[in-house]
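As structure tokens, one chain now follows by itself in the form predicted on its own.
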Amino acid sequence: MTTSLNQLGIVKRNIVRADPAAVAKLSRFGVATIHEAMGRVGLMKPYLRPVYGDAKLCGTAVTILLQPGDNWMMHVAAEQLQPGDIAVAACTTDSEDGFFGDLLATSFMARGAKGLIIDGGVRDVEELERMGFPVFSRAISAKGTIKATLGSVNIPVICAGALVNPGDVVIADRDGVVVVPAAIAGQVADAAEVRENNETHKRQKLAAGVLGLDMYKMREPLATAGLQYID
């Protein structure tokens, strides 16, 4: 279940977004690298999947709290989107209805949004792919929604198990979705760069035939743990 940390019926219009330079730098790295560089935290639950194969995202979060089967707040959120933002939608309780489709995507794209992360369902997937609008969702469902109950926009939400504050950086690729708090975005981007460079060096050694057993100096601790080789 996804929940809000605040009350309903709120739209916060002025939010502090992460530094654009840090966002741009984070966009160079994959979710796994960023997650590891940040101390193995920040991942959303792995049931969030791209609705088409090559979808990927990096941008600042505009958060949306939905009510089950009701996409009213999606339309409210559209007004708050700015170029480079990603809409991040949670729900007050589990719901896999089709909250979002090509018409809302058209509206979001007109505002400069880069995509959507939603702990709920979406539809019009073929059209979303044709439009090039990346979406990561809990489900794909043709079931429609109503517009009757207030949620909120730009409050802290728990989306697929991860805390997301407005303005945080959200990165998504085939490996999953990770949230980087805005206040440490630059620090995490620098750490991800260091990790990426280190992995490039390791990849070269492995490609040359060096074993991980030797590169990571595993032989002695394995022997200490009792591993035996038998011919």
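These numbers come from a predicted model, not from an experiment. Residues carry their position along the shown sequence, with the first being 1.
What comes next is about the form predicted in complex with another copy of the chain, which does not appear here.
With the cut-off set at 4.5 Å between non-hydrogen atoms, does Gly151 touch another copy of the chain in the predicted bound form?
Heavy-atom contact with another copy of the chain at 4.5 Å: present for Gly151.
Please determine whether Gly59 contacts another copy of the chain in the predicted bound form, using a 4.5 Å cut-off between heavy atoms.
Looking in the predicted bound form, residue contacts with another copy of the chain do not include Gly59, since no heavy atom lies within 4.5 Å.
I'd like to check something about Met218: if you look in the predicted bound form, is any of its heavy atoms closer than or equal to 4.5 Å to a heavy atom of another copy of the chain?
Flag for Met218 set to yes.
Heavy atoms within 4.5 Å of another copy of the chain in the predicted bound form: does Thr145 have any?
Contact with another copy of the chain, yes.
Using a 4.5 Å cut-off on heavy atoms, what residues in 63-97 are near another copy of the chain in the predicted bound form?
Result: Gln67, Pro68, Gly69, Trp72, Met73, His75, Val76, Ala78, Glu79, Gln80, Thr92, Thr93, Asp94, Glu96, Asp97.
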